[in-house]
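Given as structure tokens, the chain that follows is alone and in the form predicted alone.
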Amino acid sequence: MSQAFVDLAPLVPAGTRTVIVHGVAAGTRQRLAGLLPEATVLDLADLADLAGTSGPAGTEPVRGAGPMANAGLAAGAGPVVGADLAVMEVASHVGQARIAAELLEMAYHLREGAVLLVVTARRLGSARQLNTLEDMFGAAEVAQRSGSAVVLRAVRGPEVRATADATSAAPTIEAVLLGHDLRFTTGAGLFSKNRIDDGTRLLIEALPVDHDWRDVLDLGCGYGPIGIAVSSRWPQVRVAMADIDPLAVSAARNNAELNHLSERCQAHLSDGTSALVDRRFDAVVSHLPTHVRKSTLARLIDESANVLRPGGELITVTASAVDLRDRIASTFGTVEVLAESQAGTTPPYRVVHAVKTEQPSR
């Protein structure tokens, strides 16, 4: 976020050894490193990626991230990481429900007595965020003002209360996909958090019945409906789900466990395929995002080709207005349409299919 300089020095607790950051600018991270040269700094994204592994020395194992894992928080559940400090910067495009969910997520990783600092602005709803902190922690304050920036401060007590904003945005979806009854928990800010969207359902229903897939990548998995549907339908398939959003990864992991598929359907925090470049797949399935730059879509298409084995398949869906057939053909050589939305569907979607040859075009 673009805010005036804030002086964190008087707000950082003495003896801080573990810090969690979320959405912070590079300058903020550098200032924290200068103030706390001996401290371990973890991004909230790191915690999603380390779910199920050990945290820093002397802390509890990370049992999973995301608001879906926080049901026990209000009952006084112990911290997961036991961090001493959390610092969050609020982005301008994030809604209040998502902010509340992220605050709850950060609180889940703090020890009792730890400090949470929120760098925000009046124009970004600082008053509502202060109220959210008061509801969660019992007390909160405006600790600093500097130009347009406002720093909010709260201290974690023995209990943290999940607010309506943080929890009402995480409904449970029940859906029949590929003949299997599946359940999904979602969260604030996740794509199509109230239902399986038409494009995702169209892609799932267009998947070929006869194939010899063993390893499949669900790229940009969101909360995991495509990858989990594949895993439930074809038990011989190992599914990797990948997303750049730590809360999406958390939701996908929880949903794999919810549907008893976590042993062969695992989610990874990854910008495109960056965390999976050493793996090879028989198929990449993806509901490609349409709100990103064309250069990002092109990169995702090329990265998909790079992680596919020869003969591997790319099956993707996008809104029909975002026609990627020429771009996919430039990488794979040929492309075909597997399915299109029925007339009258708004927005309409198109599912396309391409196969990686022995000598890809790009």
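Note that the structure is predicted; figures quoted are calculated from it, not measured. Numbering starts at 1 and runs along the sequence shown.
Omitted here: the form predicted together with a small molecule. The next part is about that form.
You can rule out all but one of 140 to 148, 267 to 275, 209 to 217, 103 to 111: in the model of the complex, only 267 to 275 has residues with a heavy atom within 4.5 Å of the small molecule. Within 4.5 Å of the small molecule in the model of the complex, a heavy atom is found for every one of G222, I244 and V292. Using a 4.5 angstroms threshold between heavy atoms, H287 counts as touching the small molecule in the model of the complex. A residue is said to contact a partner when one of its heavy atoms sits within 4.5 Å of a partner heavy atom; T296 meets this definition for the small molecule in the model of the complex. Shown alone here, F191 lies within 4.5 Å of the small molecule in the model of the complex, counting heavy atoms only. At the 4.5 Å threshold, heavy atoms of T200 reach the small molecule in the model of the complex. Checking I99, A240, A154, I226 for any heavy atom within 4.5 Å of the small molecule in the model of the complex turns up a single hit: I226. Here is the short version: of I315, L324, L300, V335, the single residue with a heavy atom within 4.5 Å of the small molecule in the model of the complex is L300.
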